[in-house]
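In the form predicted alone, a lone chain appears below as structure tokens.
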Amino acid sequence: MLSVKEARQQMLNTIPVLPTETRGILNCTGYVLAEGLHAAENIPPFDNSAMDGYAVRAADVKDISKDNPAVLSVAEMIAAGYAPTKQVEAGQAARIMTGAMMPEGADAVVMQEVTEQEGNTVKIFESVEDSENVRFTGESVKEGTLVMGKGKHLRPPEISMLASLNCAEVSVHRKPTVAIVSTGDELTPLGESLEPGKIRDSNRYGLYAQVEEAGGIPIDMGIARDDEAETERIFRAALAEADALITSGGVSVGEHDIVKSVLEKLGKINFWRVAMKPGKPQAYGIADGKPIFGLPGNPVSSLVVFELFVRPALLKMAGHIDLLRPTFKATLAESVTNRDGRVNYMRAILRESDGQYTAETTGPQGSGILHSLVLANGLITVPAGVTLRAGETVDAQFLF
């Protein structure tokens, strides 16, 4: 069997990055930059005040106090959005608002709270240092600076920065569209009564949500019954409509597996046995240049395999550079045993206190016990064939 790391790397080596498109900045949140962005202008574009107060020469307010204030004449009032018209001379100050352009001659700003204006003069009760409360030209970003590199994920701060840089549109990678198909005669759609031997089709909805959480655009293709011709029709329709296909169920090694035979018709498909629990049987391949992910039918297996394999693949397709969730050490709150010859990804509740994490499993860990994931906020990695005692540490990661 392949290790998780080996199987994932083999997969990622073949995952295509989607083409680029130009999008307006109001419609590119969550997308990934396709090229580096350099500043065409300084931010801020001029020296300005960091607060409401008085622009002064620091030397004029040196060694003052409440009992010995400096008394300066007010040369003018400068509001945000307007340029000063006068230079501040010795013995003068300019009333200034936050963000307003600093006048010539002034080198600091005294905050309004330590002043008292009377007519055309102002008393200042606290001294300031040269440059205090001044925001300088290019302090945030200098013209020509690489502000965001290729692969940058565009969040609200990045959108605001794009606007600050006068960028109305940018080149980004497309988000992947992902078709999702559940397979099997045993599945019952929502709203219908369960007949003997039938189960609810839950995987398709969980996978739909996982695709959305990973930044993809899910396409619900419904249930493919255990009919080879019908299953092939649905899979081909899915590939024609989407950038990737996810199937759920039917990827074990059974000789009469309809999903397996259909996938083999579509392209080059690898049926992997990965040394992990849950989720040992998996299928991955490429058809018409598009990835196909064959996930197990057990609900926990399906969701965990998506997390460890499909999520990083979709992130790469969308142009992301960081593909895996961060891992960290967590201290076990209980003893855990993994008698299997495969690494076990146990569902756990991770808690943080004073910078230290603890982990407690969510109870029975069977691959059909979906509630074990509902209770969890993370996974812990328990190596094959070990018992770890309470107080020992394990690798952990948050989910969702």
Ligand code: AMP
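Just so we're clear, the structure is a prediction, and the values are computed from it rather than from any experiment. Note that residue numbering follows the sequence shown and begins at 1.
Only in words, not in the display: the form predicted in complex with the ligand, which the text now covers.
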Name the single residue among 126, 186, 232, 264 that comes within 4.5 Å of the ligand in the predicted bound form, judging by heavy atoms.
186
Answer key: of 218, 84, 291, 250, within 4.5 Å of the ligand in the predicted bound form (heavy atoms) is 250
If contact means any heavy atom within 4.5 Å, which of 282 to 290, 149 to 157, 237 to 245, 199 to 207 contacts the ligand in the predicted bound form?
199 to 207
Taking heavy atoms and a 4.5 Å cut-off, does residue 103 contact the ligand in the predicted bound form?
no
Distance check, residue 257 to the ligand in the predicted bound form, heavy atom within 4.5 Å:
yes
So, in the predicted bound form, is residue 92 in contact with the ligand at a 4.5 angstroms heavy atom limit?
no
Exercise: residue 298 in contact with the ligand in the predicted bound form, heavy atom 4.5 Å
yes
Residues of stretch 120 to 143 in contact with the ligand in the predicted bound form (4.5 Å, non-hydrogen atom):
none
